[in-house]
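Here's a solo chain for you in structure tokens, the form predicted on its own.
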């Protein structure tokens, strides 16, 4: 009975989260358009980098194709945080606290909207990549793995956004953290492979930045095919970050529900 009740609660909240996300073009459209604009700019402006000795491909578009997947996930964080903050500010969370709703159902339901947006992003970016001649070296199965990894990345950053919203109860705070996510993207191996970064401090930051390994896992499937080490590191970084952020968000939700 409990499992059945939990499933119903998750289903209702998940449907609400997905519908609310898809009904907000201001969140969906920028998360698709801006990453593609950045991809076009990078592919045309940095193509000369492919002539560097040791660069993994002769097409910078192919190298940069991984960027939209991570950048789109950053928009997922903003979307998730804004939606949660809106629920707090509108009093929706207060009303839920008066019901028998289980906290795990609320958290899982909120994450459904993140995953729906992440799926739309991932499929779109894969289609664009193939349509413009990049191709996926790992084939169709590799494309499916890219989509799966992209969903884990979206979940990770979405949970971070939800955590910020639950801790602060403010949509403005979520917007304030958003630039920090982009800093993490730019301080990674986004523009160049880590072994070709000559500035010592930048290379050190990129080595410690989990975003670098998420990008490299996707690139391995696009450029070289199946690379077990790159994929293991990518999924480990994305999954580890998702787990930590999920635990933090769940703890913040517990505190928020007590406050109400």
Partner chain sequence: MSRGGFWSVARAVAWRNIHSFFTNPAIAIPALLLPMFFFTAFAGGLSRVDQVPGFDYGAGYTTFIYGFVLLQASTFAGIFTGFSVARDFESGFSRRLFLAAQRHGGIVAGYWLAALTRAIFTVAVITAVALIAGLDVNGNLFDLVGLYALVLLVNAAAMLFGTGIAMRLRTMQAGPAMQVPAFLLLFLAPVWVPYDLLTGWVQTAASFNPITLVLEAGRGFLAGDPTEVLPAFGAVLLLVAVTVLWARGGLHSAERAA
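Positions refer to the first chain, counted from 1. Computed from a predicted model, the values in this text were never measured in an experiment.
Only in words, not in the display: the form predicted in complex with its partner chain, which the text now covers.
The partner is not drawn, yet in the predicted complex one stretch among 225 to 233, 209 to 217, 66 to 74, 46 to 54 has residues with heavy atoms inside 4.5 Å of its partner chain: 46 to 54. Residue 197 belongs to the set of residues with a heavy atom inside 4.5 Å of its partner chain in the predicted complex. Interface residue remark: residue 29 is not counted as part of the site for its partner chain in the predicted complex, having no heavy atom within 4.5 Å.
Remark: residue 62 does not count among the residues lining its partner chain in the predicted complex, judged by a heavy atom distance of 4.5 Å or less. Contact annotation for residue 131: none of its heavy atoms lies within 4.5 Å of its partner chain in the predicted complex.
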